[in-house]
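So here's one chain in two forms, each on its own in C-alpha cells, numbered structure 1 and structure 2.
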Structure 1
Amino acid sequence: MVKDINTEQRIYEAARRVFLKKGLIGARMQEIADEAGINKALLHYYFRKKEKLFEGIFNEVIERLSTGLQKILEIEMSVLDKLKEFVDIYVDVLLENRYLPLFVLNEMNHHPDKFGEFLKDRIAVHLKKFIIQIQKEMDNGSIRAGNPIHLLLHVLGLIIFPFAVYPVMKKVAGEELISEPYTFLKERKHEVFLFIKNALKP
C-alpha cells in the first residue's frame, strides 16, 4: 500500500486535537483513528506508535518555531523590538499546541543530546548573535545591565510556564480570575512584554 499524503495530514490534524485534550499519556490510538475517520489498522500502517506520531507533530511545530525565530533574530532592530516579536510568535505557536511545553520538558529530560542537536542546527548561530547584541545594548546603557542568558531564561519562563500550569492555576485561582484558556493565555503576549520592558529600563 502506498501512503497517501492527505491521509497522513488528516492523521496529524486529528492527533493534534486529541493530544491537546488528553496529552501524550492520556491519548489513545483508537481515539486518534476515530478523530481522523479511519480504522485503527490504517493508523498503525502510517504510525505504529503514538510516540512516533507525537514526535512527528513536535518536529513540525519546532521547525515552524525555529524558522520564525531565525527571521526575527536576523532582522536589524533593537533588543526590545526583537523580544516583543519573540514573545508574539512563541505565544502564537503555544496557543495552537498547548501540549508542547510538557512534551519539550520530557524530551529534554529523556533525550537531551538529541534535542540539543536539533535546536543547535536551527537557531544556535542566530541566538549567539542576539546574545552579543543584548550584551552591547547592556554595555551602552540602552537596557539594564545583567547576564544576557538570564534574560533569555526569564523570557522563556514567563512564556512557557503559564501554559504548563494553566489547568492547576484555574483550579486554585478560580474562574472569576482566570478566563477560558485561549483568551487568558493570549493575554500573555502583552503581559510578558510589559514585564520585560519595565524590567529592562536602565
Structure 2
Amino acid sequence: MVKDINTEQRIYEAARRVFLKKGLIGARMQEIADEAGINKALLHYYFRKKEKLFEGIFNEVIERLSTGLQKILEIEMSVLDKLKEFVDIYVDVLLENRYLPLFVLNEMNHHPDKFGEFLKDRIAVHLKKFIIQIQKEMDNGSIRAGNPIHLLLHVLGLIIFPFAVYPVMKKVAGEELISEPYTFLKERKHEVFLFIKNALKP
C-alpha cells in the first residue's frame, strides 16, 4: 500500500491487474479491493459500477493497442519492413503483459458487435490501405502471391498465440526443451519474422 499516489489511481491499477487476469465476469470486486488495499465500498465511491470500472480499463487497453498498430501502418515502408516492425513491437507489448491476448480475445467474443464497430472506426481504413499495398507488392513480385487477409491472420496468429498458451507451454515441453520463458518468448521476434520472410520469398 503506497501512500504517495492517490486512492483512485491505486484502485484503477489494481482493477487493471485483476480484470486482465480474470476478465469481467471472473473478477471479484472484493479481490480488486484487496489488491488495492482498501474495501469494497470505496470501489463504488470512486467508480459507481463494476462495468464502469471495467469499461475504462478495457478502452484504455484497446486504445493503446490500436494506436500502436495505426502508427506502423501509416509509415511509408515495404510490407516486409512493416511486418518486422509489427512483430517487434507487439512481442514487446505482450511480453510486458501476457494476459492481454486472452483478455482481448474473450471480450471480443462477448461483445463482438461493440468491438467490431470500434475496430472498424479505428483501424479498418488503415488496414484496407495496407491490404492494397500487400496486393501491389504481390502483383509486382516482390513478395510471394497469396490472399492478403490470410497473410494478416498468419502474422497475428504467429505473434499472439504463443502468449495465450504461455502458462502451460513450459510444462508441456519440459525444462530441457525451453529456455527461460522470457528469453524464449523474446526469441520469437527473430523466429517469427524469419518464418514470415521465408514464406513470402517470391
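When a residue number appears, read it as a position in the sequence of structure 1, where counting begins at 1. Note that the rigid core is defined as the largest set of C-alphas that superpose within 1.5 Å between two forms. Predicted model, so just to flag it, every value in this text is computed and none were measured.
Taken from the structure described as the form predicted together with another copy of the chain is structure 2, whereas structure 1 is drawn from elsewhere. Under the rigid two-part model of the rearrangement between the two structures, I25 and L94 move as members of distinct parts. Hinge angle between the two structures, smaller rigid part versus larger, from C-alpha superposition: 17 degrees. CA movement of Y46 between the two structures equals 3.3 Å, with the two forms superposed on the rigid core. For D34, the CA shift between the two structures after superposing the rigid core equals 4.2 Å.
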